[in-house]
Structure formats: structure tokens, C-alpha cells
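We begin with a single chain expressed as C-alpha cells, specifically the form predicted alone.
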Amino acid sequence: MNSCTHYDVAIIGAGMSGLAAGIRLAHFGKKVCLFERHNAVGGLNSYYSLDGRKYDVGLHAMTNYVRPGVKGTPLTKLLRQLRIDREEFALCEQKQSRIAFGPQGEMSLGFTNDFAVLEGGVAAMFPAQIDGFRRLVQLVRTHDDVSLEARPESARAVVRRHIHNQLLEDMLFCPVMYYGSAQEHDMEFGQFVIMFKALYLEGFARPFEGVRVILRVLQEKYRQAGGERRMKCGVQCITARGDRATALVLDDGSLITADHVLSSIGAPETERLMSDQLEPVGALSDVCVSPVGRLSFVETITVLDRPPAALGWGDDTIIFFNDSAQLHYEQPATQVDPRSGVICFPNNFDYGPGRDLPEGWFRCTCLANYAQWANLDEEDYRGDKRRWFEEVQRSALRFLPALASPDMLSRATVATDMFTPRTITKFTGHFGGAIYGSPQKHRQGRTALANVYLCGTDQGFLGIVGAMLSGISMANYHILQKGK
């Protein structure tokens, strides 16, 4: 093990935001080390091997995609700040996606990486709302969603100033919530803008080999820049004197000191590391503890012996579904709420002529209740997973073209897997299995300790690109720009 115990910056968590922050700091000569409790990088967006097959975790698509030559967008800023050539990510665009509402998805809005497709769909389906929709889009385009000084405002309230149709409102909110909202029912408007741009004005893409391409690039950039990394080496607590952190106590009891600590593991999780160390000095007595997020998910993964299109399911890349005219984005009362969710077909990105994934993939995601999964004994846990796997798949099939025979899917299936809120907490440490962290965000990344900062989901930038930009922004704002 590396014997050095002092760093300019210690980063807790080797997810996307932690890796990006580490690269940025190392580029500017900072002595930086990443501390990761698990044996794989990526956090919520990683992959694992099962029976010789690689499964992506988290990644359906990389949002914020823009084509070469488009400047001033999150993706181009990210690539520039991390000194990555866009060819290294090898991103392939989606074919088409849609939002499907109603018992069989009868009310449907399609969208692609060309915004005109969504705009045309709104004009055709909601002609009385198109002018208001265009005014909303103009507001979204001009809103400063990365401002660290922005005051929170209800996204629903802002949208209703322009759109006066509940169905259209919920259809627009469904994808942005499922891909980024830690808040039930509503979103903060700045976060709505981030996701609206990321999904609708920019778009979806994916590397042919999935998330591991992104992770390989980030790890190599970090290594080339001179950053250090300690895997299977978690942080047990942060010790403090007054309003400053003095050391990290690692899981093995050893101490690490650093001038600055950047935590990517979440606000409540970071506060827990500091909770027994804080002295009630000055403003520290007024610090609010971040609430634990209530929103978690299950996801079923089905591997097929043929592409989804061969089952008659067409070229849809991602389908956001809801079986009524009203969206209920909230913690379910039962273990899983299969009424709404997301279907993803990784095969349906444009990988180029003659380039297809060797197997078919069918992924379904639904909201879940962490508390009802957390304490099951192993036999009940496995039984409930089997039961909900079937129920989630059954619900999702309502929004796809009917199969030629009832047993067609089972005959085409070669492997399955499923993750639950319990899986999320086990491999990420997120309290409550909260995918998108706490509903309370900290835009400036500040904590109760003057030299401990947050990056990642609980700082407030969303999505994979947003997570990386969060790490970069917090490294710039708290360390590099202040010449510390």
C-alpha cells in the first residue's frame, strides 16, 4: 500500500464525479488520491460480470449528446476540461425514443436527438399548447442552470405558466424525473432545465461497449495525470477541529490527512462521516442535516438470443411509460410500483453499418420502496425478486407491440438478472437506496466543515455528464480558482 499519508486533496468515492474531479485537480499539479470502498469504479454507473457476461449498472444512455462541432454545451465543456477527445468516448446516437401514457400507451410522444421531432409531436397532439410549449423551450434555452447562486423554484409552477394541459405537463416531466429527480411529484426548476436540455434539446448516445468505455477513459486520464487511487479502502469517519477537517479515518483504522476533502458519496452520507466530530462552534450549530432520499428503483435485465427488433419491438431505444393519464412519481406504498417506468433497448442505438450487439437486451426500471426490501431474509428476498421480475416485465410488455406467441419472450431469453434498492445500498453506500440522492441539493457544494466539499448528485448537476461536470466545477470553484 502507498505509504504517503498527506494529500492536497482527498476524494471520497470513485464514481463519475470523483474521477472527473481527480483528473481536473491532477492536471493542475495537485497531489490527489481517490478512496473507494468497493473494488470497482463508477459508483451508480458501473458494470459487473456474471457468467462471463458484462452487465451495465445505471447507464441506459449518456445524455447531453451533441454532434461534432456543436460548441458551448455540457458535453463539449466536459471534454475540454478533462482533455478528452470525443472519439475516445465513441458515442453512438439513439435511434428514437418515446413517452407512452395510457393503459396500452395510446397517448404517445416520440423524440430523437433532433428536437424538431418532439416539437412536431406536441404541435400535432396538443395544438392548443404549442405556443406555450415554445415559450417554455425559449425560457429553458436561456436559463442559467449551472449558476451556483440560483434560488430554488418549483418546476411545476414555472411550467404551468406556459402549459395548461395536465397530460402534456406529466408527459414532459416523466423522462426528466425518471432520469434525475430526487424529489417526489415536482422538481426544482434549475434541475428541470438541466434534464430538459440533456434529454430533449441535446439527446441520448451510448458507446458500443457500454459504460466501461467511459470508465476506461476516465481511469486512464486520471492515471496519466498522476492521480493516486485506493480501492477497497473506504472512509470510516472524518475527524475535525473547529470548522475544519483534520484527517480521514479509513476502514482499516489508518489515518490520512489532506488540505481539502471532496466527497462524492452524497450529502447525508458525508454528514454521517462528520457527525460525531463536529464541535458546535459559530455557524456549525445552524447546519441543517440533509434528508435521505425516498426514491429508489428496481431494474430487470433480460438477455435475449436475438435483437429486440426480431421480436417485433421495432427501433425504440428508450420508452418512458405510465399506464394512466396522470404520473405518480413518488415512493410506492408497496415494494414496487409497476404502473410507470422506463424500458431500454441497448441494441437500438445507431452503431453503424454491420455493427450490432452480439445479444439482445431488454431492461425495465420501476420505482421501489427501500424499507420493504431492506430487511428481508434471504429466502423471502429471492422469492420477492422473482415475483416482481415477472410483474415488472408484464407491465412493460403492455407498451410494446404484441409478441407473435405468448411464450416467445421466454424462448428467446438466455439470461436474466435484477437489482433492488438493497443492491444499490450494498454497492454504493447510498442511504435508502436513493439513486438520485437527497432532495435537498447543495449548489455550492459546501458542508459544515470549511475544507470539506460535496460533488456529484447532491451538489445538484444531474446525469452522467452532469456528475462529471459537478466534480470539475467543485474542484475549480473551491480549490483551483481560489489558488488554494
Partner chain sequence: MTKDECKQVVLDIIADIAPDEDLSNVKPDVRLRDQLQLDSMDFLDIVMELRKRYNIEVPEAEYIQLASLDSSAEYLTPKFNALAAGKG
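Residue numbers count along the first chain shown, from 1. Because the structure is predicted, anything quoted here is derived from the model rather than measured.
There is another form of this protein, the form predicted together with the partner chain, and it is not shown here; the text below is about that form.
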The one option of 406, 358, 72, 353 with any heavy atom within 4.5 Å of the partner chain in the predicted complex is 72
What is the one choice in 161, 223, 398, 80 with a heavy atom within 4.5 Å of the partner chain in the predicted complex?
80
Look at the stretches 418 to 426, 51 to 59, 22 to 30, 439 to 447 and give the one with heavy atoms within 4.5 Å of the partner chain in the predicted complex.
22 to 30
Partner proximity in the predicted complex: residue 76 to the partner chain, non-hydrogen atom cutoff 4.5 Å:
yes
Heavy atom to heavy atom, is residue 472 within 4.5 Å of the partner chain in the predicted complex?
yes
Partner contacts in the predicted complex for 215 to 242 (non-hydrogen atom within 4.5 angstroms of the partner chain):
none
